[in-house]
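Single chain ahead, written as structure tokens, the form predicted alone.
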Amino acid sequence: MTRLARLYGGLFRIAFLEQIQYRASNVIWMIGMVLEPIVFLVVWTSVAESRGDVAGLGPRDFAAYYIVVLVVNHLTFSWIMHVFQYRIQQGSLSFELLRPVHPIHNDLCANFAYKIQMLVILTPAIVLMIIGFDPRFDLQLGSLLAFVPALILGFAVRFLFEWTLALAAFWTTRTMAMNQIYFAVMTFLSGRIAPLAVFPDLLRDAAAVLPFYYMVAFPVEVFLGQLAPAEMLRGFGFQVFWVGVAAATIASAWRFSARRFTAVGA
């Protein structure tokens, strides 16, 4: 554990310094992340105001939901599927394979470094959204305590699941089409477009067993106190299940994937 702590400390410091170099691009990226929930919030708030409520959710409930979605989505997202193809094509993975540690450790540290830096930009946006949309938060101590493991497991599900899918780059030279399909499905079923409460029963039941819901919407609903204790326990069970599936897949597939890697340089 001491060796692992030193490893992560060093990797985190390097990743933090690397992220500082991309301040402008990070700001642009963060603006896009903030605009997405605001657009959906304005749409659903308008619908709720015209109807009185949607699936029992009023305008202030939608405001609370999308503000928490913004935070949870930032703290759980990963970019590994975007860059893994280029690591292989450009040969940068060669240097990572020479290190005596698995590349996933460096990806974790880079992810943490980015999120910590971007929280500085995200916090004022959250404050402005709270002032502008007047969300209704009915926070409970039990839900807040349960939110911490729900968020950590949500990140683990998303990071490991996307790292697993990124390994497809060892078998194909173009993964963008697959990535776009994945992100479209994930955005829809993870609750980023709309709360699952407004979905038809069939889609809601499907989302309840797939990993996407447990990446974003489940931690959000836990924080907002929208789930009964039995529903939370069931959700934690699914999160642990999907973490186990993704971790086992990475452990078994990595050896075969790395053997297929061939670096070609000009």
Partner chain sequence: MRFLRLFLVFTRLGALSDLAYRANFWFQVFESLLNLGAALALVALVFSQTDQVAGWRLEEMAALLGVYFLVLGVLSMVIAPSLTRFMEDVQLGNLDLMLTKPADAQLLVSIQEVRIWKVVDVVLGLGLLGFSLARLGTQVGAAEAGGFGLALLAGAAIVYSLWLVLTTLCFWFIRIENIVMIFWSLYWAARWPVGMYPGWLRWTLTLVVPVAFAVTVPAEALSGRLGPATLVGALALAVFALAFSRWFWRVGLRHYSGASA
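Positions refer to the first chain, counted from 1. Not measured: the values here are computed from a predicted model.
Another form, the form predicted together with the partner chain, is not on view; read the next lines as being about it.
Asks: So which of I116, V101, V127, A177 reaches within 4.5 angstroms of the partner chain in the predicted complex, heavy atom to heavy atom?
Replies: It is A177 that has a heavy atom within 4.5 Å of the partner.
Asks: Work out which of V209, L202, L233, I31 lies within 4.5 Å of the partner chain in the predicted complex, going by heavy atoms.
Replies: Checking each option against the partner chain in the predicted complex, the one that comes within 4.5 Å is I31.
Asks: Any chance I181 has a heavy atom within 4.5 Å of the partner chain in the predicted complex?
Replies: I181: contacts the partner chain in the predicted complex.
Asks: Report yes if any heavy atom of W44 sits within 4.5 Å of a heavy atom of the partner chain in the predicted complex; otherwise report no.
Replies: Although the partner chain is absent here, W44 would touch it in the predicted complex, with heavy atoms inside 4.5 Å.
Asks: Applying a 4.5 Å heavy atom distance criterion, does F188 contact the partner chain in the predicted complex?
Replies: Yes, contact at 4.5 Å.
Asks: Mark A228 yes when one of its heavy atoms lies within 4.5 Å of a heavy atom of the partner chain in the predicted complex, and no otherwise.
Replies: Looking in the predicted complex, residue contacts with the partner chain do not include A228, since no heavy atom lies within 4.5 Å.
Asks: With the partner removed from view, which of 192 to 200, 87 to 95, 108 to 116, 154 to 162 is the stretch that lies within 4.5 Å of the partner chain in the predicted complex, judged by heavy atom distances?
Replies: Among the listed stretches, the partner-contacting one is 192 to 200.
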